[in-house]
Structures are given as structure tokens and as C-alpha cells.
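Only one chain is shown below, in C-alpha cells, and it's the form predicted on its own.
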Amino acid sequence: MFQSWRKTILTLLILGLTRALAAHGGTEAAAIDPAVAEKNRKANEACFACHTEAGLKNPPRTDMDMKKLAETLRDPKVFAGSNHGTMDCRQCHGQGYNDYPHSEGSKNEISPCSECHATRVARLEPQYDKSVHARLEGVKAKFTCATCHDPHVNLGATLLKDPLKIAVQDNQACLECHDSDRVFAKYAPDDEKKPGIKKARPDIDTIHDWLPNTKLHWKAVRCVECHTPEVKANRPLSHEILDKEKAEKNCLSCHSANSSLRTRLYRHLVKEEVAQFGFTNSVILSSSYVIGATRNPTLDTIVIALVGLTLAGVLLHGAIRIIFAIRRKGRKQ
């Protein structure tokens, strides 16, 4: 009983400290001690001895289930560059993975994300519960944070910095399922018209045929720019994923001076924005040109003036020709 109370008090203290840091803008985790990071890296070498392409080609043991191993391969370099790259694998995978063969049911010993990210999960869960993924019958139970956020690969937006890299990473999570019949079938609900048969994956190109240059959009912006509700000021992107009926289809949402991209994809760069040469949304212009969003009021005025002068010149030229034509006609008479 004493252990239980001590754990509860410790949890409350951690949550209180996390909230206090968040309130003062300290949302990033403290830098890990280099000595601890090196210790964790060496400990992870035992895992990567098997769970890599090299381990699959030259397994350190002869009694391994190669089929299962092939499904759990990781790239050590990619993992080292991820958000969790300085952690010991066993911080999430538990003590059941210390020995080989791994203990039966060791997958159930994987720590949930909420164990470290309790405050964030508590804030995001109500959003996710409204998501199309949570509302579809039988789908919510199959989803975890790691379904979309690969802990062995993903890097936070503030660390990636480049909006184009952020778009590629985040869209990969969506396209991995919605552009693959095999993966889609793992999570798909039953077809409403055909009980017992999984719903077929809608063709992603067909359902986006209203969007010009679809592939170009997927490279430059994230699916969630249109498939989540409007973001409130100083709030991270919502985890409420909207279905195609509720998704944003107003092009001006992004293609305007008040582009929503400032509070979405580019929000982590807006604080550093420098409006060079008088451009509106210059932070967006730093990586791509968004028609209607990256304007220059001065250039707009100059261009409008030039167009006006050109039209005036054409009209003046036409008027002069008409006057001289009338005079020539009068002289001949």
C-alpha cells in the first residue's frame, strides 16, 4: 500500500512539474547527459545486433525466427536521429526483452506513450476521440500513438525545422495506410453493405481529384492541414482527424494573406520570421511559393500601377488614332 501511495505522489509531482514547465514555455525535454546517452547507445548495440539488415543477413544465433525478425528491423542511424535516439530501447520495451528468446507476451510489456507523455496524452485524447479513426466501429482499439507516430523514426517539427521535411514525415504516416491496400486492410472497419467483409480502400487520387496538382500539395503541405479543425492561437495541431465530408476544401484557407499555414505547418518558424523586402508571410516564402499567401504589397501596387498605365496608354493611343482618322476623312471631303 505504501508503494502505491508513493507512486501516486511521485506521478502527481511529475505532472505538476511538466505543467509548470509548459506554462513557462519549457515544452522541450531537457538535454540528456552525454555519458548517459553513450551508455544507452552501447546497450542498444545488443538489440541492433539482431534487429537490423546486417543482423538479418548474419544472425548472431542459429535458433532465431527469421520471419519474425524480418518484421522488426530498424536503422540505427535513423533511430539515433529520432526524438528517442538517446534512449535505451528497454525504457519502452521493458525487461521482457533482456533475454533471448524474448519472454512470451513481451509485446504486452511495451510501455505506453502516456507513461512519459502523460500531460500531452491527457490533452490530446479528447481530440482523438472525435477523430474519424476513433468513431469507426472496431478501429479505435487497433490504434495507438505509434500507429501514426513511429517512435524509432519521427523527429519533432521544431527539430526538423524545414517545413518540406515535416510535410514528408507527417504525410508518410497517412499515406502508409491510405495508399496501401495491405496496410489499410489491417485497420479497416467492416463494409456497411457487406457484413463480415472489410471496407475497400478508396482510391486516394480519385477522392482528391478536386484538388489541383495533388501530388505537389502532398510534397509541400500535410494532409492534416485540411483534415483537422482550425487551430486556435498558441495551440498545437489538433488530433481530431476529419473525414472527407468535413475536410477543408476552401483554397483561400491557405492561399490568402491570412494563410492558415502560419498557425499550422509554419507555426514553429513564425517567431523567427523576418519580413525581408516587405513580403507578407515571408516565412512561407522561405521554403515555397504559395499563390495568394506570399504577397508583397509594394510590388502589388507597382504592378497595378503599371497595368493601369498600360491600359491608359492603349486607350490614349486608340483615341489619337481615331481623332486623326476623323481629321483625314474630313479633309478628303
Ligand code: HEC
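In case it trips you up, residue 1 is the first one in the sequence shown, and so on. Because the structure is a prediction, the values reported are computed rather than measured.
Not pictured, yet referred to below: the form predicted in complex with this ligand.
Problem set entry | this ligand contact in the model of the complex: residue 136, any heavy atom under 4.5 Å | The answer is yes: residue 136 has a heavy atom within 4.5 Å of this ligand.
Problem set entry | Touches this ligand in the model of the complex: residue 54 (any heavy atom, 4.5 Å) | Because no heavy atom of residue 54 falls inside 4.5 Å of this ligand in the model of the complex, the answer is no.
Problem set entry | this ligand contact at residue 263 in the model of the complex, heavy atom, 4.5 Å | Contact check for residue 263: no, nothing within 4.5 Å of this ligand in the model of the complex.
For this session: Would you check, heavy atoms only and a 4.5 Å threshold, whether residue 152 touches this ligand in the model of the complex?
Result: Result yes; residue 152 sits at the interface with this ligand in the model of the complex.
Exercise. What is the one choice in 231, 78, 146, 168 with a heavy atom within 4.5 Å of this ligand in the model of the complex?
Worked result: Among 231, 78, 146, 168, a heavy atom within 4.5 Å of this ligand in the model of the complex occurs only for 146.
For this session: Name the residue from 71, 191, 181, 162 that puts a heavy atom within 4.5 Å of this ligand in the model of the complex.
Result: Checked against the cut-off, the match is 71.
Problem set entry | this ligand in the model of the complex - contacting residues of 211 to 225, heavy atom within 4.5 Å | Contacting residues: 211, 212, 213, 216, 217, 218, 220, 221, 222, 223, 224, 225.
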